[in-house]
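Only one chain comes next, encoded as structure tokens, the form predicted alone.
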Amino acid sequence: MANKLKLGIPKGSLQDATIALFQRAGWEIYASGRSYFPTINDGDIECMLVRAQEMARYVEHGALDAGLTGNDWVLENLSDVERVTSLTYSKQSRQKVKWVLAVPEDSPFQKPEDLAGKIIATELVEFTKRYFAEKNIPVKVEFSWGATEVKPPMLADAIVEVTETGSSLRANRLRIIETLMESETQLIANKTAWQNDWKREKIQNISLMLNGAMAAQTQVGLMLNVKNESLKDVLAVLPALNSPTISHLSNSEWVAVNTILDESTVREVIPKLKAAGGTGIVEYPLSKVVL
């Protein structure tokens, strides 16, 4: 179907965060019951829930035109796909995840070389095999079906596991001895679909809106009034995304200033704006920031 985009939504830990991101970008995705085919308020798109671990393979082979998955799984499968954009979000946070080599706290292992001849349990089997092969360290890599953190030391000597905060590793008395890679969510596309003008434009539009929604998560709008005589001092306070918008008011002695700020700086900026002569200061949330 030339005018229908087959889009993969990651099932599992990324599912809720992905659907929430699409909602902020303007698409309502409804995943209910046991159906693997969520509905979406866009007649040009057909959605399918697919495990992130398998997404890249299905996109590469053309079963899906595009999909969202971690860069880790693209590398695990060595998938030949078009990488459209990176979107830094995960299950719990808006930061990259890490795949780490971890061992029991009381083990003698201090570096990867110490694990020569040992057993490594992981879900990221092929990437881990390549990692140790490149270092010329002979190990046995076993696939872990889950609960990987509990396997050392009885079922494995070490693990390669994904972590956001490291709390689960610490709770299981494991320590990290090496970070194998950092990973983030990516929008990927099938290379044949990418050559189709209509599909490429649709995917690019999705990328634009998702990135706009992502940017808005950490930004807020700020508007205030200021006398002309204090405008220079106010502008000196503002770390604007771009040049602030300045509008004349009915009273020629005053102007309105409108800008976008990093949300983390607002608590420090607003008092400075007030001291510099700003008044009627209003902070407001943003839905999308498209640069």
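These numbers were taken from a predicted model, which means no experiment stands behind them. When you see a residue number, it is the position in the sequence shown, counting from 1.
Although it is not shown, the form predicted together with a further copy of the same chain is what the next lines describe.
A.B. asks: Is a further copy of the same chain close enough to 16, 198 and 230 in the predicted bound form that each of the three has a heavy atom within 4.5 Å of it?
C.D. replies: Negative, none of the three is within 4.5 Å.
A.B. asks: Counting only non-hydrogen atoms, choose the one of 108-116, 189-197, 175-183, 139-147 that falls within 4.5 Å of a further copy of the same chain in the predicted bound form.
C.D. replies: Stretch 139-147 is the one.
A.B. asks: Answer for residue 245 alone: is it within 4.5 Å of a further copy of the same chain in the predicted bound form, judged on heavy atom distances?
C.D. replies: Yes - in the predicted bound form, heavy atoms of residue 245 and a further copy of the same chain come within 4.5 Å of each other.
A.B. asks: If you check in the predicted bound form, is residue 169 within 4.5 Å of a further copy of the same chain, heavy atoms only?
C.D. replies: Residue 169: no contact with a further copy of the same chain in the predicted bound form.
A.B. asks: Although the partner isn't part of this model, could you tell me whether residue 209 comes within 4.5 Å of a further copy of the same chain in the predicted bound form, counting any heavy atom of the residue?
C.D. replies: Judged by the heavy-atom cut-off of 4.5 Å, residue 209 is in contact with a further copy of the same chain in the predicted bound form.
A.B. asks: So in the predicted bound form, does any heavy atom of residue 48 sit within 4.5 Å of a further copy of the same chain?
C.D. replies: Although a further copy of the same chain is absent here, residue 48 would touch it in the predicted bound form, with heavy atoms inside 4.5 Å.
A.B. asks: Which residues in 43-59 have a heavy atom within 4.5 Å of a further copy of the same chain in the predicted bound form?
C.D. replies: Counting only heavy atoms within 4.5 Å of a further copy of the same chain in the predicted bound form, the contacting residues of 43-59 are 48, 50, 51, 53, 54, 57, 58.
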